[in-house]
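The chain below stands alone, shown as structure tokens; this is the form predicted alone.
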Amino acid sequence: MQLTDTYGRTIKSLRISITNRCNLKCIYCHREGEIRHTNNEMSIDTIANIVKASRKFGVNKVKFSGGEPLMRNDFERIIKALPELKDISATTNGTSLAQRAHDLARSGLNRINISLPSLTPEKYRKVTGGDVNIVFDGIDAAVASGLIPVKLNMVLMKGLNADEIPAMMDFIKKYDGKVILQLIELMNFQQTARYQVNIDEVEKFLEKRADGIEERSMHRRRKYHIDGIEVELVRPIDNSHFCANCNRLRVTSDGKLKPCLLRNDNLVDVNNKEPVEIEELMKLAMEKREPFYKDAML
């Protein structure tokens, strides 16, 4: 059995938000599409049951997010409670990673994405409100713990960090291929259009320096191999491939199946449900699932 929607898109992975709490205030944060803050976080059992139910449909990849997932002190226990999976990953701001990377790896986490909008303390503080030096320690700890490849997520913002791309490329060289740089086009979730960069110019910059270029067909995501490092360019805006090839089912921090990042009118509540019931509710979510940009399917 597979989870396939009426547009022929089959679910291959889950993205589970385990909290909407965060210790930073990033100006571009989209909160995984959640429009309300809630204190009703899923229990370990509910999270494990959702993953167990999805395994019946062949889903074997899970990515945990927040908010900031490391705000939950039981994150390691959550990972340990999961059934056997092909890939368990997480996205984090990295501020608590230096203290917990080793335990997360021992618990079964395979790899991690770390948000790093700037290498400069002043710019980082302006974008996030935090201390970038703590994040540097977290990156080192993640690499040392084997949570690789570590992907550094750099959301590009005009006038704030777009000029730091070369410096960021130099920064990852010391990790000998264990760290990948992801340059991400800014999506206007928080009225941030004034920070929009010309992503075509970024692409041209990378093309001129690349020794080789690969393209992931699923989301038309390009990988640039440049002087021994790998840089990925993520273009979600005006990219019909994102909707047409979406194979991810999201789960909100309060236990609702979320078929689309950009919609909140088709959620399916699975909180405190048993795996067998969740299986049926996942089928219902597939009936509700449709691409935000329907033209992508034409």
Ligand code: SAM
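Because the structure is predicted, anything quoted here is derived from the model rather than measured. Just count from 1 along the sequence shown to find any residue number.
We do not show the form predicted in complex with the ligand, though everything after this point is about it.
Heavy atoms within 4.5 Å of the ligand in the predicted complex are found in one stretch of 67 to 75, 207 to 215, 135 to 143, 170 to 178, which is 67 to 75. Though the partner is left out of this view, residue 164 does not reach within 4.5 Å of the ligand in the predicted complex, counting heavy atoms only. In the predicted complex, no heavy atom of residue 57 sits within 4.5 Å of the ligand.
The ligand in the predicted complex is approached by residue 155, whose closest heavy atom lies within 4.5 angstroms of it.
At a distance threshold of 4.5 angstroms between non-hydrogen atoms, residue 244 is out of contact with the ligand in the predicted complex. Checked against the ligand in the predicted complex, the residues 119, 81, 184, 148 give one hit for a heavy atom within 4.5 Å, which is 184. Here is the short version: of 44, 29, 267, 229, the single residue with a heavy atom within 4.5 Å of the ligand in the predicted complex is 29. Contacts with the ligand in the predicted complex, taken as any heavy atom within 4.5 Å, map within 73 to 108 to 91, 92, 93.
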